[in-house]
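In structure tokens, the next block holds one chain alone, the form predicted alone.
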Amino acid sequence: MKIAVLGGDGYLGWPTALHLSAQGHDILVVDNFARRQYDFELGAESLVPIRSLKQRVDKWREISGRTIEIMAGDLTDPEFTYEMVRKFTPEAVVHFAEQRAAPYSMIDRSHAVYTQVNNVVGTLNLLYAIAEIDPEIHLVKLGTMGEYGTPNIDIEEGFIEITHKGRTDVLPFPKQPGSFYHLSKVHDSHNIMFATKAWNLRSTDLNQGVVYGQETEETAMHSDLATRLDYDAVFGTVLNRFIVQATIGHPITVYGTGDQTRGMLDIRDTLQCIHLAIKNPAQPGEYRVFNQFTESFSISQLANLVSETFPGHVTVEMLDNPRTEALSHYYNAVHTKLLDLGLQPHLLSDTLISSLFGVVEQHKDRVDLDVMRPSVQWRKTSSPVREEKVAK
């Protein structure tokens, strides 16, 4: 198939592009390289050095004999988005091209607005381009389990049957997002669901849990193919951050009580899930939702697992939670649809954590302690425009 991977230079986008190429698909990687710019803005960078997209693609061609095409551009530009769809004529579009960090969206007003505009407008432009150029294109969109929040009932896969005053209907599962980033994903889901119905599109919304890991079969072939490993307090995912902290002898920093529970999955399973969704496409007019995770853990469970697995002494530091979230809650989410399609999960184990320790040990001289302390507070607002006016 011809598959466009949007955001294909990122943490998950790049391994996905490699994996799909290795499976024999013709791949186009689209990116505006904003993720690399966030590193300059925040003064943080990937623990594992990463090459430019061109260097990555050239090395992949040298190793595999397969070509990955590149288009640089921004989905918020409708002309670029339409041109991309017309020129490449994809059969499927994998959409990772969004600002992905909740803390980044909560820095201040400008970051909240940027996140919403970048994510929602880009997706809207893409929906219009697909509808007007080729409605047969299957849109596979990366959502987040964070759209649901932490309700006191089981989380279903996208929809829930409700009986109210004697009448029954199947409705979208209620959303309780916990940041402006998660809100942008909710807006995406609503827009995709509406567009699919209105224009008879094919769409799969993958509500993904927290991803851990750094190596895949393809990225491990050469250091030039490596993907990111973020450990900072803004973009670093929790297990990756804990492993970095343990390796360098820094206390593992747990927010709040550590009782917050999240669905999680191995980076290799992200690639499996994407490929399964593509091989088993939605039907015309079908908007479907898959909950994309394999196991659930509390933050304290993860901290304990890292502490027990690391071959040295580890301390745990409890910090005031910078986020606005329930510190202890019920969490049970259904995730059967991808298993039914053939997902074979890589479950979190001591072996996996030990291998991550090895990756971090190799690059621990690149760790910057300053970027690991949480600096973004959900309960505080900051507006450079307002502050400037006050100063005047």
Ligand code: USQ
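Each residue number is its position in the shown sequence, starting from 1. All values derive from a computational prediction rather than experimental measurement.
Separately, the form predicted together with this ligand exists; it is not shown, and the next lines address it.
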Among 69, 325, 58, 39, just one has a heavy atom within 4.5 Å of this ligand in the predicted complex, namely 325
In this chain shown alone, the residue from 111, 275, 268, 241 with a heavy atom within 4.5 Å of this ligand in the predicted complex is 241
>> At 4.5 Å between heavy atoms, is residue 204 in contact with this ligand in the predicted complex?
In response: no
Is residue 181 close enough to touch this ligand in the predicted complex, meaning at least one heavy atom pair within 4.5 Å?
yes
Heavy atom to heavy atom, is residue 214 within 4.5 Å of this ligand in the predicted complex?
no
- residue 105: heavy atom within 4.5 Å of this ligand in the predicted complex? no
In contact with this ligand in the predicted complex (heavy atoms, 4.5 Å), from 306 to 314, 218 to 226, 94 to 102, 283 to 291, is stretch 94 to 102
In sequence order, the residues of 126 to 164 that place a heavy atom within 4.5 Å of this ligand in the predicted complex are 144, 145, 146
